[in-house]
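Form predicted on its own, single chain, as structure tokens, below.
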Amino acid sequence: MQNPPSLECWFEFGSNYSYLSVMRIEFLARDAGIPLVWKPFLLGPIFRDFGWESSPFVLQPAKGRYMWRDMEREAAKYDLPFRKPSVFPRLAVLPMRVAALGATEPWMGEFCRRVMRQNWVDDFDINAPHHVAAALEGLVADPQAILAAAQTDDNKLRLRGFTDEARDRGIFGAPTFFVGEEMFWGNDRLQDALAWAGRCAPASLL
């Protein structure tokens, strides 16, 4: 029997629209019977390829003003709490390394939601080790051991590999979703990606 197609979620903790998707995607995919594959990657190197040293929402003030109001509207639509962070974009290398380490672990979804809440609701420094450890608390037996493993050279290369793969596949922003080779960009395309995966699933699985 064929397996249903998976939904890849390419995201970054510092990405505002990734927040809206990461908070919902695990539950939506589960309800749709679509396997979810987490793909953490760093936006900074992608943006630098375009000659940008920061987010386009910073480089283009009018776009930034629009985005913050749009985030308020969209968060309200999804019944998600939201507070504009005092720092944007916020450094997220350490939690992204933990996400790279835990991408296939059962605690991944809840860890990601906790980090997103720290950034987009609590306005915490999500790159601070004590905040990352707090996001792991109760999900793993030893948060400090996970932090240590995340900082190994092998795991740093793992996150770099995710980022290189994102570049090679033509990803230019986050969140981005893939069903096979079909790409969907942006939180507003999450439902489209799920619907596409559903259409691609063998009839016997629907």
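Position 1 is the first residue in the sequence shown; the rest follow in order. Values in this document were obtained by computation on a predicted structure and should not be read as measured data.
Absent from the display: the form predicted in complex with a further copy of the same chain. The rest refers to it.
Contact with a further copy of the same chain in the predicted bound form, defined as any heavy atom within 4.5 Å, is confined among 49 to 57, 134 to 142, 148 to 156, 33 to 41 to 49 to 57. In the predicted bound form, at least one heavy atom of K63 sits within 4.5 Å of a heavy atom of a further copy of the same chain.
The closest non-hydrogen atom of W68 lies beyond 4.5 Å of a further copy of the same chain in the predicted bound form. At the 4.5 Å threshold, heavy atoms of G180 stay clear of a further copy of the same chain in the predicted bound form, well away from it. When contacts are judged by a 4.5 Å heavy atom cut-off, F27 does not count as touching a further copy of the same chain in the predicted bound form. Using a 4.5 Å heavy atom cutoff, none of F88, E110 and F162 lies near a further copy of the same chain in the predicted bound form. Contacts with a further copy of the same chain in the predicted bound form, taken as any heavy atom within 4.5 Å, map within 165 to 189 to G170, F172, E182, M183, F184, W185, D188, R189.
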